[in-house]
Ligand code: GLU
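One chain comes next, on its own, written out as structure tokens in the form predicted on its own.
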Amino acid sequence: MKTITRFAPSPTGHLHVGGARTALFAWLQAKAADGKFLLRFEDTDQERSSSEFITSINDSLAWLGIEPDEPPIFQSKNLKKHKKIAFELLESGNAYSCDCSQERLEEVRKAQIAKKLKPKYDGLNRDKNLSHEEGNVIRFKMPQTGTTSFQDEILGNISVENKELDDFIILRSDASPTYNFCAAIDDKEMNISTVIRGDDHITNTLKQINILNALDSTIPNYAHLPMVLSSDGKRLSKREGAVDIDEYRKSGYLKEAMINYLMKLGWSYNSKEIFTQKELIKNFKISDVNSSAAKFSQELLDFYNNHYLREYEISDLFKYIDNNFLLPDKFVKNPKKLEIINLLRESANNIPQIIESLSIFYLEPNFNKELISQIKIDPDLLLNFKKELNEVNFNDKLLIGVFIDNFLDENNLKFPALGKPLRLILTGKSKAPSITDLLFLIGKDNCLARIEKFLST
């Protein structure tokens, strides 16, 4: 049987970390087996579904390189088929018409809760053979004995006694089909071989298996992914992880870093940390996913992003930054711009951190009272340093380093005595790159001008 997987988001929101991981794992499962990966938008909730979210999800998947092998399918376009099959199940006796009011259903629910029973439909109309009329719902007739079981590729055997499951609605009173019914029918029509989704869908899977059994359909393999939790084991919030994937792109995270990070949310291979796309496709198996919940880690995501920021060819990285972020004109005109970015990326977790540090190379510090009070250096020593610096050949960074070492020796100084105040004079910041790098990349004329400006304050 050809491997066909799918990612089936509801376009009622943006693509977040959990959904992106599901899509990635489904895509890899298909690619590892030389199969197909399909995208289905479950857009039957017309009030909450939005073309904005469809575009957002498509754009996020495209950025990650998770492309479907066929044009996306929209569940709303299959409603006629869903309704037709619902009535076929009604005719075959696998479903029944129900005219219970909402008031009665609520009374039944309250009574069951009062008795500490699991709330579910009590089957009042199950065997009445009511004629289906406008305003009635159609309920699927679940088996009342035995169990519904399946072998989950991640969680192992899952089995539930059928008496715990209720006769759920497959066609609402307004004749619109429900999620569980639509999903089962669409998986059948799309020949899905493996359904990969979150473990919050396990109950849905039990319902959908029974629908497919009633239609004499092949049951797909199922793999339910444990949730992604926050670092403290709670549900993800926007403060930690539950943000639109596109926001990570806008925040300067590279797709390679995001892909590697998503893989670490439950999957590993021989303790290896960094994977190329080819390596992922070669080694991925959904059955290797951990059965326990994964925890979001901003530190790990930053680790991956720093790795790829440093791995990019510097000209490619500059081009990417220039095309996707706003770079100051003064910096773009700087002949040493590639060398500056090459230096700053070493310690950056994302692209905005690089951009925030660019100003020290083209803007003079503001020598206000607070900054001046932090700069502790003998003016005569600094004046002598300025004179000797003027004679240094700035074409070779090594020569600048040699000059610094010689100046320290000649003046019997330890590096902090010169380095700390000089860093503040050149950048206005206590944390900045090495003095040698700063002198070389800021340039002789600008360095001399900044030192002179400080001396004249």
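A residue's number is simply how far along the shown sequence it sits, counting from 1. What you see is a predicted model; the values in this text were computed from it and never measured.
Just so it is clear, the following notes concern the form predicted together with ligand GLU, a form of the same protein that is not shown.
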### Message
Just checking whether H132 would be counted as a contact of ligand GLU in the predicted bound form - the rule being heavy atoms within 4.5 angstroms.
### Response
no
### Message
Just checking whether T436 would be counted as a contact of ligand GLU in the predicted bound form - the rule being heavy atoms within 4.5 angstroms.
### Response
no
#### Entry: K264 within 4.5 Å of ligand GLU in the predicted bound form, heavy atoms
no
### Message
Residue-level question: is A8 within 4.5 Å of ligand GLU in the predicted bound form, judged on heavy atoms?
### Response
yes
### Task
Could you check which residue among R197, K120, K83, K295 gets a heavy atom within 4.5 Å of ligand GLU in the predicted bound form?
R197
### Summary
Assert contact residue (ligand GLU, in the predicted bound form, non-hydrogen atom within 4.5 Å, options R345, K386, K141, H201) equals H201
### Task
Taking only heavy atoms into account, state which residues of 172 to 186 are within 4.5 Å of ligand GLU in the predicted bound form, ordered by sequence.
Y179
